[in-house]
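Heads up, what comes next is one protein chain in two forms, each shown on its own as structure tokens, labelled structure 1 and structure 2.
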Structure 1
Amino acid sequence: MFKTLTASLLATSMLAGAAWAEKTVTAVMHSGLRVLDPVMTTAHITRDHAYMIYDVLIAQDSDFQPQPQMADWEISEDGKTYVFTLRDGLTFHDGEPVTATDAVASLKRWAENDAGGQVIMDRTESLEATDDKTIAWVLSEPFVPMLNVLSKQSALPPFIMPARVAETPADEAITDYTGSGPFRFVEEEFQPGVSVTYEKYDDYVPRDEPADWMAGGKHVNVDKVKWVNMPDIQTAVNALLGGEIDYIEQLQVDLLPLLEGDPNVTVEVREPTGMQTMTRLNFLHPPFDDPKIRQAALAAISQESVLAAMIGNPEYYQICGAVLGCGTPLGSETDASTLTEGGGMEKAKALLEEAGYDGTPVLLMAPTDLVALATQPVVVSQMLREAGFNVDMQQMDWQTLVTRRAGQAVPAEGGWNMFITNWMVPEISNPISNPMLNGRGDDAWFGWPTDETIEQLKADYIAAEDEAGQKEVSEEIQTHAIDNVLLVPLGQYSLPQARRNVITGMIESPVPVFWNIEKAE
């Protein structure tokens, strides 16, 4: 009798213990977190971290439309004054209320480093807190994309920090990680490049709307989220099969068969627009200083060949000739038919002939240490060779590549002619923030085109009075970018995520977010 009683007591207390057990979601992200300042870096892992612990004034929904998040807004009739009003109940993780002063300081620090922020600041007459809850932003001229820039999730979203933190100079890293977001950063458990832990912030007040992309209510249903870095994707797959982790953000497509047989695991695409892979040419040196030869290179390339080698499984890639990405409001595929229809080798050869190409070598930099960038250079160089280019593919690690691409020397003396990289589609979906569409010579992104037309088109885009006007200008931008080969879009792809089925409620979003997630016992 006594034994039974003890046993049942024990069982009850164990059950109670289980009910009280902390719910922790363990996730393997695409890379280890090292830099903690979201204003200093455009690295995605830092941005993802910032979405956990910080909040933003306004955020985009799945239609790329700005929605209120910390604040709602009113725009004056003349389109020059924006008034943001903070909603009630916002507090920082140290318990202090979020004030308009904090927001103003954060916006000013952000605008120093963000390209879109700089454009707004050029047109800003004043940005100040008129009371504890109200931010008044007065522009010298109307700027229609204002809310799009402020609500973007890439590359540097304007996160709101306490004013004391936001007073740090923009090129110096912050050391105080107090946010007001749905999760709190557990500093004692942070190991740079190894793991980072977030705790539910109990006093966070979510919005009432359902979560939609980066907008809507951020309801946290777990106690902790732990990001673990696993440099070896096979280890991560094993750990997921073994039940030690709950989630892998980015899988390699060739490892999918390992997971597809397991009924406890679901493989799915988190965000259908995914990534754009693309080539950038160097406008400063021969042969690509000649527009005809650039066009020849574009004509020689077939996206299908690149994507088949890179991803293999057509379920996870999409042929797309849009400079601003397919599946985005402004994406248009005009003029990109050779890319999307399998290449125009004859056209390429004719263009080379016409340009009088003299066999100047094309120095293509190929990184060997990043899976996502290893195959494209091989395929592209093969197609260029077939068209008649003399391609010199040089292999190096990504770090060497990013240093070398920053130098303007001639290729024979440590410079370069072309390289390939990948972008998240939302971050290139807008002509203001797309780095390839910067035509300001030395101030432009690597490759340094001097292109007054694209600058004028961007000014037209900014001046456009409504969305229809913006759409019209972006058509012209597409045509101009392809004709002048400001970039060669190589197509879009999505790396699937994997989760154990105990995890449910992950919303579709360009950033992996951990609100709304439920974890079963």
Structure 2
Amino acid sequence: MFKTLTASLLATSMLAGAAWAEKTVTAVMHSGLRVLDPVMTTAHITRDHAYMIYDVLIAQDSDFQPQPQMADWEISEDGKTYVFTLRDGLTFHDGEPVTATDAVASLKRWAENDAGGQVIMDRTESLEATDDKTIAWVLSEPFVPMLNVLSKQSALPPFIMPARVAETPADEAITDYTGSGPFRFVEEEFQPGVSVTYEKYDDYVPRDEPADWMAGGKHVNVDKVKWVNMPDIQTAVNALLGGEIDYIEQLQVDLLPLLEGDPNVTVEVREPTGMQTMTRLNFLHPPFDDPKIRQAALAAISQESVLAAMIGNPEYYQICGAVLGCGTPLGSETDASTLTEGGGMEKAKALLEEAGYDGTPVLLMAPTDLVALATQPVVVSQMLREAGFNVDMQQMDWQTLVTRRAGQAVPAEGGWNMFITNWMVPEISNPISNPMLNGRGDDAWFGWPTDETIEQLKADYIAAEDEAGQKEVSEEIQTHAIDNVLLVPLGQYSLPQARRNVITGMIESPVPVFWNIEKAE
């Protein structure tokens, strides 16, 4: 398959070169793309796709500060009314102007599925377009993190779509991919899970400021960007060395020596804040509907074993028990000692016996086609079995997992008990935006815990008068999340990326973006 794919890439390149000097950046991303609706999933590849074709109202810079993007804003003196004004020249890819009505519809759909959006809507009295360029958002009480939530770069950023698309129910996938961003989705060339092509949208009007994380001017300097899927990372490395592709988003650390000696290739870590890898359990079905059995699973897992198998080189990983991430203003490792120091196996066995665990299988979904997720399920299943769990590890590709985790069926009928995923540290560093800290049952993130205590703690966080107060509440959130096993943090890591030196101008950003990039002839 890969020989066919690389041959196709070469043929395409030769034909393009013969016809005209089209500049195409060919990239191997961390996963193939199948899900195209960024409101339906927090999968990073879908988010990355969305940043290509959509724009956002406001965006965060590298100092985590909200900046104007599609709109500027004013806040009333009482902190209850936010007025956003769209800038001039914004159009969708069908040529129609972006209006405040489109933005309002997009924000309402986003808020149905996003943890932070749900909290904002709890405090919303009205959200409406007062004219073609003006959005008035009136709250029932001040909400200090408002702009931080709206400008977050992940997990579910509020991308702006045409109103006719955004009026699609939030639990139904969109089928119209008319975007508002710097690239246009080439639907006729899309091969789900294999390749996706984006063309420069010539009528996109970038901001004047320099690009800075997701904020600033999104200047497109190439004609096309093509993502190709190569689940075998060795194949991708060979393709990069041979000049068939320009960029690999994630590399295995043990393959670095193959690239580091090539003067035509640059290897670098472009995620300065790193990633958190973690386990999510399903609260709906046995055995993890029992909190004592969830605690047994947490006690059985040691981060060192997971990270050593996953990354190997300690230079690229960090043991960290903080739900909100280490190195962040609110990060705390309270109550996570079994994870960070190990030694919880006997406790795990005792908890299982105390809970009367009857051997109900734990269906662990294990993706086989992602560098950053291939090893954790193997190590975690081994530790759970040692504790006494009956683990049924089922292998599948990542996009199948992403689709299956959205279903609430019992495990024997297509559901699941457990999976492992990774987050950028910025997207889990705030309790309002952290998807795992959503306790709203069916409206929560996959796993669907019903947890009134975590919702009250988040309300306490919002009501805190200063940073000291927020830090105090965050400590309570850390303790509650660990005690109730809302997630199992497995540590932090960074994976290097590689690009051929013909590619320059890639901006520093936890999200891989393709504006600002130059490609030499």
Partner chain sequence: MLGYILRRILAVIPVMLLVAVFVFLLLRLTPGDPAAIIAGDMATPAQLERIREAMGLNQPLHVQFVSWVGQLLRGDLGTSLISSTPVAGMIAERMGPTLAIALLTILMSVALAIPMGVLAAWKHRSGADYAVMTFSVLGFSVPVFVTGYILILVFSLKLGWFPVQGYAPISSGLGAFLHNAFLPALTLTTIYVALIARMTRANMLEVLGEDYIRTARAKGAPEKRVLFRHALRNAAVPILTVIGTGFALLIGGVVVTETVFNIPGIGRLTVDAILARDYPVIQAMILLTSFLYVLVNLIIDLSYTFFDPRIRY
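Along the sequence of structure 1, residues get numbers from 1 upward. Note that the structure is a prediction, hence the values are computed from the model and not measured. Definition used throughout: the rigid core is the maximal C-alpha set that superposes within 1.5 Å between two forms.
The second of the two standalone chains is derived from the form predicted on its own. After superposition on the rigid core, displacement of the C-alpha of residue 464 between structure 1 and structure 2 amounts to 2 Å or more. Relative to the superposed rigid core, the position of the CA of residue 219 differs between structure 1 and structure 2 by less than 2 Å.
The Cα shift for residue 288 between structure 1 and structure 2, taken after rigid core superposition, is 2 angstroms or larger. Core-based superposition between structure 1 and structure 2 puts the Cα shift at residue 373 at 4.7 Å.
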